[in-house]
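Heads up, the chain shows up twice below as structure tokens, two forms, tagged structure 1 and structure 2.
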Structure 1
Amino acid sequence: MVTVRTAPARGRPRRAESTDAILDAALAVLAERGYRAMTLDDVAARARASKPTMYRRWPTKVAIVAAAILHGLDRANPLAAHVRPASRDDAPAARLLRIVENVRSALVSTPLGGAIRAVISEVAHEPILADALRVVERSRRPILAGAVRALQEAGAFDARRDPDTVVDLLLGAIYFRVLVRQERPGPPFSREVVAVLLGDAVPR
């Protein structure tokens, strides 16, 4: 989380809990109703805050949504542990599978995932959202690409292939299933996706 040093602090300080509550509410409403149907009155009500409190923190609706997504990302990193973090000690194949599965479960069944699905079309015309989505994307990519590279070094996967493209295939399959085919695949789908690349050498 990037915190900006603020002025010396006069008068009554802002409630930090409100900030969190607003971003959580925004994420939830976004996932439930989509970007278009999400109103700031909804968010305010859900956060038990007032609109002026929101506008004191962010200037526009898109800014709030972008902040909510980054907030969701901050929140997801520690929480991803509930599935089980992919550790350096795993066998490369198991490690890859675990990361893919984390991404799947995040996209399918977390507020951040719902929010991403809701804003993905807006991104083309809202630079602020585009930046936020890029941050999310880039937070996962190196981990995944690293796992692919480890497999290549271990001789388990063709070393001539570009790891970034391989990541596109893996994550793309999940996004495609959810966004285009409009389904909510479960954990077995992650296994099958990884198996397409590694054959039946997918553990656990």
Structure 2
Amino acid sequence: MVTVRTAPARGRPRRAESTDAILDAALAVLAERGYRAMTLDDVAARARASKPTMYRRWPTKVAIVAAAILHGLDRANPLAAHVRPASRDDAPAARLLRIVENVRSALVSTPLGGAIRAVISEVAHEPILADALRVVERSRRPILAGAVRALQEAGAFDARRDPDTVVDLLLGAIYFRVLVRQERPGPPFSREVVAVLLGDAVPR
């Protein structure tokens, strides 16, 4: 079982800033050099971090790669912002579009896209890395799945549809365009992806 260590809890700002710097550096190095060429020493140098401290928290490359990708995804859609019930002004369709757009934006405008692309080709040969990425994916899935369920509860989407399958379709379209085709779609693509699901109900 792989444990993915995330950023520390609030109330420890200095360590939180250090964690952010290290994980940002890990994403950048991974995107620039690829998984095989990346080293923890590279990350420590980029972040200007103490190597002993970093190695204690993330003793392996897999550990810091998984934590960095989770960090990038959490910046796009903070989990804490989605575990609370949506406000009255936050229509389910608008919420879904915002989440999808945040993913698209992070993949094309931050090192997250390059970092994920760098590990995709490695998972078939690195079972521990594949396991770590599955842990990351499972931890993030409730955000989009919850938005789909909110649509179903509001009567805006067929309640018979499996939310997990819908999530796969929504993310699959974006990941395919960005990671496989290596294109940089703009915000209209997010709207088009959601429109395939919601039709005329997609927010303007």
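Since the model is a prediction, treat every value here as computed from it, not as a measurement. The term rigid core refers to the maximal set of C-alpha atoms that superpose within 1.5 Å between the two forms. Residue 1 is the first residue of structure 1, and the numbers go on in sequence order from there.
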query: Structure that is the form predicted in complex with a further copy of the same chain (1 or 2); finding: 1
query: Large Cα move at residue 193 between structures 1 and 2, threshold 2 Å, rigid core; finding: no
query: Residue 71 C-alpha shift between structures 1 and 2 of 2 Å or more, rigid core reference; finding: yes
query: Cα displacement of residue 132 between structures 1 and 2 reaching 2 Å, rigid core superposed; finding: yes
query: Per-residue CA shift, residue 41 (Å; core superposed between structures 1 and 2); finding: 8.3
query: Residue 26: CA movement between structures 1 and 2 [superposed on rigid core, Å]; finding: 4.1
